[in-house]
Ligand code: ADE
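Before any questions on binding or motion, here is one chain by itself as structure tokens, the form predicted alone.
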Amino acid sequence: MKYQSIFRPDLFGGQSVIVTGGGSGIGRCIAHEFAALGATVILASRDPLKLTSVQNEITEDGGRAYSVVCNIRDESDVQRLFEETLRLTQRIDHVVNNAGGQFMSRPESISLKGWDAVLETNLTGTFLMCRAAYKNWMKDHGGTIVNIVADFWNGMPLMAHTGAARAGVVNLTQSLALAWVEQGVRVNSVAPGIIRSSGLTKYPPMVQQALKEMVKELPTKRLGTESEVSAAVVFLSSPAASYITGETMRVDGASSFYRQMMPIGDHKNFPRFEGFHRQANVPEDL
């Protein structure tokens, strides 16, 4: 079987795309769909074994893929990735900044080292990739960039570091979309909700059990799929999205404006301020 994309098979024929974090999870799925649609895919991550595995999968399915080991937090590594991509494909039409990372922790327990590591990966790494895409190819040829962020709109009390970083990426997306619009560079973001992906298996059993319970609270009553996120990325990279830039598309089944990941227990620690001396006819029990 081949990837069951809803887009036409030659949509990205003759084009190339870099997918960071392409060795697993959502990035792996995105890479497969782009390859199925005719693109030459450059897989990038820090794990050569995972990259080789996905590259082989794509080749077995009849697609074209290369892999480049890259730490997106390292400026010289990022530059090498783009130089190697140009050597292999002679062009860089699309970049998908999917690589990221975080860990669960209450904010007061996050060390400075942990904070810096998450911001450097998710925010600084994304900036380095975007800047390199522009300077190495898109300034003169145009192109698309899609940044993968997260569902942070209701706050992320158990992952404040990644919430801050991803919010920064959304603003960066808007800023770059305006800065580079004259060069024909479109920059957008995709914000997945809780996705049924291999990334979930990295969390401890207690968290995985909590996620199973949380499904009952989601409006859709199910988690999202990797291919649902990938389809949004492909759409934003396609000519059909030619009038869309600076946007963040939520792929979250309405969860971003419905539920909170960390329930708040009962307490009476926020006393009212009642400054209106003529207040009347208000419910006493609310």
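Here the structure is a predicted model, which is why all the values come from computation and not from measurement. Residue indices: 1-based, along the sequence shown.
Unshown form predicted together with the named molecule; subsequent notes refer to it.
- Contact annotation: the named molecule lies within 4.5 Å of heavy atoms from the stretch 71 to 79 in the predicted bound form, the single such stretch among 170 to 178, 106 to 114, 71 to 79, 157 to 165.
- Distance criterion of 4.5 Å from any heavy atom to the named molecule in the predicted bound form singles out 99 from the list 118, 195, 185, 99.
- When contacts are judged by a 4.5 Å heavy atom cut-off, residue 250 does not count as touching the named molecule in the predicted bound form.
- For residue 230, no non-hydrogen atom is located within 4.5 Å of the named molecule in the predicted bound form, even though that partner is not displayed.
- Although the partner is absent here, residue 46 lies within 4.5 Å of the named molecule in the predicted bound form, judged by heavy atoms.
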